[in-house]
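Listed next as structure tokens is one chain, alone, in the form predicted alone.
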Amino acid sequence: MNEIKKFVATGLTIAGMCYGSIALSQTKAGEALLDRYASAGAKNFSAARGEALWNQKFTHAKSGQKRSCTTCHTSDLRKPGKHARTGKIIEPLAPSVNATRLSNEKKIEKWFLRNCKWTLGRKCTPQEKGDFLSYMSNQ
């Protein structure tokens, strides 16, 4: 019985160490991007502004359809979403339930570019990106 307890305790320790390093990489990627956005003139990032922008509806110029981030990702970032056009399942954005989110600067920038253009009809500003990251990282 003691051997089983030791095995479980060792497994939990290793899992905790792995999760801790993933959380650290999220912080490093997020912090690096926030620093970059600040150097581009953005300041005082706000999770509240990020949430408001996340839920705001934008009218698509060509189709006239209303779009928001919640169109595909839902209003709860801890739950999976579904791509509006393809129906493909989108893994949760919240780092608290998806450890790979917000851990890679290039991927974050790639998806900001695509999703901002699709939803807002333009690129997001550094301020908007910083506000979005502040909101998402708190989920």
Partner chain sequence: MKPTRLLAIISLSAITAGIVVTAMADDDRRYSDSWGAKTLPGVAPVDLPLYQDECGSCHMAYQPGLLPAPSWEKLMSGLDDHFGENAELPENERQTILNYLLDNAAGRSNYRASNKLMRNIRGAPIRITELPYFVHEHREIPSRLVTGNPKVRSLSYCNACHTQANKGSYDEHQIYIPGYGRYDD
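Positions refer to the first chain, counted from 1. Computed from a predicted model, the values in this text were never measured in an experiment.
If you look for the form predicted in complex with its partner chain, you will not find it shown, but the lines that follow are about it.
Distance criterion of 4.5 Å from any heavy atom to its partner chain in the model of the complex singles out Leu113 from the list Ala32, Leu113, Ala40, Ala48. When you look in the model of the complex, the only residue of Lys57, Lys28, His83, Arg78 with a non-hydrogen atom within 4.5 Å of its partner chain is His83. Contact with its partner chain in the model of the complex holds for none of Lys66, Gly121 and Phe132, as no heavy atom of theirs lies within 4.5 Å.
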